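Next up: just one chain, as structure tokens, the form predicted alone.
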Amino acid sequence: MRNTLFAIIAASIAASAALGADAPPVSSAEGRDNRVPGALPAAQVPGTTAPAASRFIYATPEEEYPPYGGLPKELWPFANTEPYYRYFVTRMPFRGPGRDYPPEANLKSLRIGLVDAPKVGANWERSVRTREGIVLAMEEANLERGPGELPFDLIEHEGIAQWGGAANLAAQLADEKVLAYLGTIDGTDAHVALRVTLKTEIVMVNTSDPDQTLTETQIPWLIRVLPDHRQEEGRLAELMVRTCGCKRIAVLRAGNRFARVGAHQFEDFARRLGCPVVQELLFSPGATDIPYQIAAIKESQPDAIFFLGEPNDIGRFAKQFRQAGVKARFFGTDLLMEDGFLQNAGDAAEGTTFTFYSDPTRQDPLWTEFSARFKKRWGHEPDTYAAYAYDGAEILLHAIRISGPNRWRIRDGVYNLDYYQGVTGWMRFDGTGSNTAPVCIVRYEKGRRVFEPQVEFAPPSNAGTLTRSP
């Protein structure tokens, strides 16, 4: 029964994918141009010929993308088996009406929504920094608006700390007539909000949730600008097994959805590389002592421990592992970049290696100029949440500029993006709309974060159809 159901679903999706690619944004049936004053002419809408000098590169019709986030084949599931059909290698089209709908009458502004994290949760401070990046992008965009052009307006809501709260906020944003929205940080909230997005047909740009399953829902109203768990955990698994020669890897993770998704992705990669983890143990977020977990992991004699959880927690536990005589190498993900890890770990942080999304020490003009503007506006340096939020807002603002106040054309301008060069570097979106740019490797040396050199990622010279940002 179950296999039959899966076969029916697979056949339905395959038949839908065979119907054709997205239609490009079009004018109304009467030939009217429904864009607001200042929007680009039709020749520069995504998918058409446009000037070559641009940071926005759009997908070509029926373009195919590398499977499984562009990772090496040895990390793919069932890598030695050729499947009958591969999903997630093309963009899911949207074939509904809307692109020729007239704009709402008497518009006073171009509304963009933002769903923050709940103040009571662990992500509130990250949400504050996310908001700072978005506000800066919108302020700059409004300064560039010409006479007669409608201003951008941020419609913001604090998250609701209960299951389903994000769905209510996504529905409320639809009632408030937003053209698109940004958010959220928490993976559960993002998944719930996305279901409403499918019904309301309002595109969502996610700037901070690394859950790889978010875009694999194949709902064509979402992109994510942050690299996902596959990019981080895949890079770490190769580093541990191939580069460092670790054979006995233990996992210590928080007992929440974020850590569960990331840890299981890592464990799959480690197993495919021939080194299944020897232990996976959980802790409660905020716990101060974990003697049972430390004793169990020590007994398994690991040569590497992979941590997933809040940086303060991981810092405390790293120190306790060293005090217990555990000499294994420590590894983790981007959260270990935050000061809380180093402050709690002390000397135990030495040698800890982790992934991070982009190198804040680089000197390319887009990054340094953004950093200067951000510091002038907010009084402190931008972090990764602020930077990716700024890039996500820039993608959304660009789509509105070239599309006007039409949600369906804005969706095309967001979802059909192939490459984008932002302040965080070049992004490369896969068939699900997830950024698959490679991540960095960082390690702690004498209390300092040292970024390993890496080849600068950039698109090939013949990539896609180019569109200039106004």
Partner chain sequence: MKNRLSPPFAIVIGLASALSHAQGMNAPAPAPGAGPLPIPVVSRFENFGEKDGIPSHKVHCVLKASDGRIWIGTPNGLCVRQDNGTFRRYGTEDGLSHLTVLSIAEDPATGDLWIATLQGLTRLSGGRFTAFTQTNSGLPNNVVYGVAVAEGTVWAATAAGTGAYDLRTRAWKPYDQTNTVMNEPWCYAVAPGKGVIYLGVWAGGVVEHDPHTGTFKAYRDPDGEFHIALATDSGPIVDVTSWVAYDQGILWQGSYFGLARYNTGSATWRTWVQDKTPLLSNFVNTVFAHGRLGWVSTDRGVSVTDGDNWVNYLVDKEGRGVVRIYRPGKPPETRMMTTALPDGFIMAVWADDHEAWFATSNGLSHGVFTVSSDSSALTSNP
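Everything quoted here is computed from the prediction, not taken from an experiment. Positions refer to the first chain, counted from 1.
Here the subject shifts to the form predicted together with its partner chain, a form of this protein not shown in this document.
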**Report entry** One residue of 109, 300, 343, 200 in contact with its partner chain, assessed in the predicted complex (non-hydrogen atom, 4.5 angstroms)
**Finding:** 200
Requested in this report: Name the single residue among 140, 74, 156, 216 that comes within 4.5 Å of its partner chain in the predicted complex, judging by heavy atoms.
Outcome: 216
**Report entry** Contact label in the predicted complex: residue 380 to its partner chain, heavy atom within 4.5 Å
**Finding:** no
Query - its partner chain contact in the predicted complex: residue 244, any heavy atom under 4.5 Å - result: no
Requested in this report: Answer for residue 191 alone: is it within 4.5 Å of its partner chain in the predicted complex, judged on heavy atom distances?
Outcome: yes
Query raised in the report: Taking heavy atoms only, is residue 292 within 4.5 angstroms of its partner chain in the predicted complex?
Result: no
Query raised in the report: Among 330-338, 394-402, 162-170, 292-300, which stretch has residues whose heavy atoms lie within 4.5 Å of its partner chain in the predicted complex?
Result: 162-170
Query raised in the report: Within 4.5 Å of its partner chain in the predicted complex, do 210, 234 and 270 each have at least one heavy atom?
Result: no
Requested in this report: At a 4.5 angstroms cut-off on non-hydrogen atoms, which residues of 59-85 are near its partner chain in the predicted complex? List them in order.
Outcome: 68, 69, 77, 78, 81, 83, 84, 85
